[in-house]
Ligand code: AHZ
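In the block that follows, a single chain appears as structure tokens, in the form predicted alone.
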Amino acid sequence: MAPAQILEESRTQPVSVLKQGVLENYEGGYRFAPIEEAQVSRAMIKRYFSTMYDRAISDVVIVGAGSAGLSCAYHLATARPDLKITIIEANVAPGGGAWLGGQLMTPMVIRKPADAFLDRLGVPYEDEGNFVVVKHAALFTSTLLSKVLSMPNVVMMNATAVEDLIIHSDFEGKQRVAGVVTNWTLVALNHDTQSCMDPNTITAPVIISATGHDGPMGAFSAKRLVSAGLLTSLGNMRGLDMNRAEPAIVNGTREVAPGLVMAGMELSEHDGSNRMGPTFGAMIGSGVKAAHEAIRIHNNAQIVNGKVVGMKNYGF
């Protein structure tokens, strides 16, 4: 189509004219810019594998993009924009169990003071006194997810499973979690049906594990600590008690093994704390505390090429 004809159409219809005959016309004349199939492939491949190459050494790896992992990523990326934060999520859809409330009902209950985090995100809620209610859990999750992924120092590799932990002897001869072993989830799920499909690795001085309570891929790091001999046995999650469970999870968020910070409901399996059910304040609080723990480790450690090689001497 000649440029003059395109311009004539733009005067007579509600259209937006761009280059090369591109036309935003919802009266039957919508036209896309031309593209080659190879361009689509190369656009994805170039960026994805460039990210993999860059994040082979990360500053912090967060395992699990549920409410605790995403809250951690948001606080950490905001407080320390200098850190390369890499999120690994086994599912195609990030968010964990935070897309709904309880029993497939959509409202999300969050106990105070975790409502302050909602204010930071700009998520509206109804105030019920001791707790607040977000009208749909997906509003919280999608808002948090979009803000996290828009941060330049954060990348996420979803549909990617952590199959193992890298464990090295550190500068003191102690066993230290020094990274994660990764594979695409569909590959990880088919190791028993196919020939050997070796994984990949990401080195990082801090791993934050927030993989949830026991399940197909839940409590992964807690269970791996047992099989690796760094933890005698799992505490196993106790029965539901919201008033005991939520403070136990937030206050218990810590570096459970050198280099490994544990957050969220995975801690209930590690420590033997109570289940909390459909109340999400502890997931937020635990994620934020995990971010504080990661910052503490970074501030105190001497790090070279993603490895902790010593501790800083502050003269005391």
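Fair warning: this is a prediction, and the values are worked out from it, not measured in the lab. Start at 1 and count along the sequence shown; that's the residue number.
Missing here is the form predicted together with the named molecule; even so, the following discussion is about that form.
Among the residues 177, 76, 210, 110, the one placing a heavy atom within 4.5 Å of the named molecule in the model of the complex is 210. 88 is the sole member of 202, 132, 83, 88 with a non-hydrogen atom within 4.5 Å of the named molecule in the model of the complex. Although the partner is absent here, residue 117 sits far enough away that none of its heavy atoms falls within 4.5 Å of the named molecule in the model of the complex.
The named molecule is not shown here, but in the model of the complex it comes within 4.5 Å of a heavy atom of residue 162. The closest heavy atom approach of residue 260 to the named molecule in the model of the complex falls outside 4.5 Å.
Residue 290 falls outside the set of residues with a heavy atom inside 4.5 Å of the named molecule in the model of the complex. Here the chain stands alone, but in the model of the complex its contact with the named molecule, taken as any heavy atom within 4.5 Å, falls in 92-100 among 166-174, 122-130, 139-147, 92-100. The candidate spot formed by 66, 265 and 276 is fully in contact with the named molecule in the model of the complex: every one of the three has a heavy atom within 4.5 Å.
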